[in-house]
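Below you will find one chain, with nothing else, as C-alpha cells; this is the form predicted alone, and questions on how it binds or moves follow later.
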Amino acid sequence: MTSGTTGKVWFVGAGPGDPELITVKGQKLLAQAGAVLFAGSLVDRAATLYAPPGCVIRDSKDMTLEEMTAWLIEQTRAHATVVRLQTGDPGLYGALIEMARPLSAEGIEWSVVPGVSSAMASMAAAGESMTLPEVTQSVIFTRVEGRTPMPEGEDLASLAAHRTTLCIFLSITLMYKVEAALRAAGWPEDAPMLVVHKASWPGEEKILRGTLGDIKQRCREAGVASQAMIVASPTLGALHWETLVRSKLYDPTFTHRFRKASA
C-alpha cells in the first residue's frame, strides 16, 4: 500500500456457521484481505480459511470494543483491505455502529457486506417457512430482556400479542422468560415451538421441536443451553397440515403482469 494512505475496513457477515454460507463477495474480500479480525466465540474458524497466506488473523473474543477498533485502525495503515468478520449479519445484534463511529472519526472508509442470519438458517434447517398466506405475513426479530434492557414497548409479551412469527435471539438461557411472555400474550400450551442449536454448523446442529408446554424440558434433555434460535410461529408444522391457503402468485385463477389467469 502507498505510504501515507489508509486501507478500507469491511464488516463482513460470516453467516450462521457453515463456512459455505458466507456470500461470494465476503469470500472474495477475505481472499484479498491483509488482516482479519474474527469473532472467535461465534464464527466458525473455518471461515478464516479463505484468507490468503501471510494474512494477519486475530481472534476478538478476548478484546474490548476499544481494543478492536484500535486494532482495525492500526491494520489499515499497513493493508488495503481489512476485514472484521462477524457472525450472521453485521447489522443484527452486533456492534457495527459502535465500531464504525471511531473509523469515521479517523477518516477511514468502511462498508458492510450482509450475511445470512441464524434466523433464516434455523428455518431452513427445519424445513419451515416464516410466512404463509392468511396465517402470518410478518416476522419479528427480538430477544428477551437480560443484562441488556429492552426499550419501552418492546417487551416480548407485547410483541407476541401480534401472533406473528417470532425469531427470538440470545435467549436460550432465559427460556422461562420466553415461556412466561408467550403465555401472558395468550399463546396456548400446545403452540408449536422450534429451537435450533448452531444452525448450519457442520456436525453440531441440533433441531428441537416441541410446544410451549414442553420445549424447555426438551432443550434441557438435549443439553442445549447456548447459541440457539428460538422460534414461535403459527406457521410451524405447516408441511403436515391437511389444507393450506394457496399463494395467489402461483394460483391459476390469479392474473399478474407476467401471466394471465388460466382458469
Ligand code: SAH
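Predicted model only: the values in this text are computed from it and were never measured. Numbering starts at 1 and runs along the sequence shown.
Not on display, but discussed next: the form predicted in complex with the ligand.
Engineer: Counting only heavy atoms and a 4.5 Å cutoff, which of 22-30, 190-198, 213-221, 63-71 contacts the ligand in the predicted bound form?
Structural biologist: Of the options given, it is 190-198.
Engineer: Which residue, 150, 174, 159, 92, has a heavy atom that falls within 4.5 Å of the ligand in the predicted bound form?
Structural biologist: Looking at the other structure, the residue within range turns out to be 92.
Engineer: Out of 228, 39, 231, 51, which one falls within 4.5 Å of the ligand in the predicted bound form, going by heavy atoms?
Structural biologist: Comparing distances to the ligand in the predicted bound form, the residue within 4.5 Å is 228.
Engineer: Any chance residue 81 has a heavy atom within 4.5 Å of the ligand in the predicted bound form?
Structural biologist: Answer no; every heavy atom of residue 81 is more than 4.5 Å from the ligand in the predicted bound form.
Engineer: Do residue 170 and the ligand share at least one heavy atom pair within 4.5 Å in the predicted bound form?
Structural biologist: Taking the distances in the predicted bound form, the answer for residue 170 is yes, it comes within 4.5 Å of the ligand.
Engineer: Is there any non-hydrogen atom of residue 87 lying within 4.5 Å of the ligand in the predicted bound form?
Structural biologist: Yes, residue 87 sits close enough to the ligand in the predicted bound form that at least one of its heavy atoms falls within 4.5 Å.
Engineer: Would you classify residue 118 as touching the ligand in the predicted bound form, given a 4.5 Å non-hydrogen atom cut-off?
Structural biologist: Yes, residue 118 sits close enough to the ligand in the predicted bound form that at least one of its heavy atoms falls within 4.5 Å.
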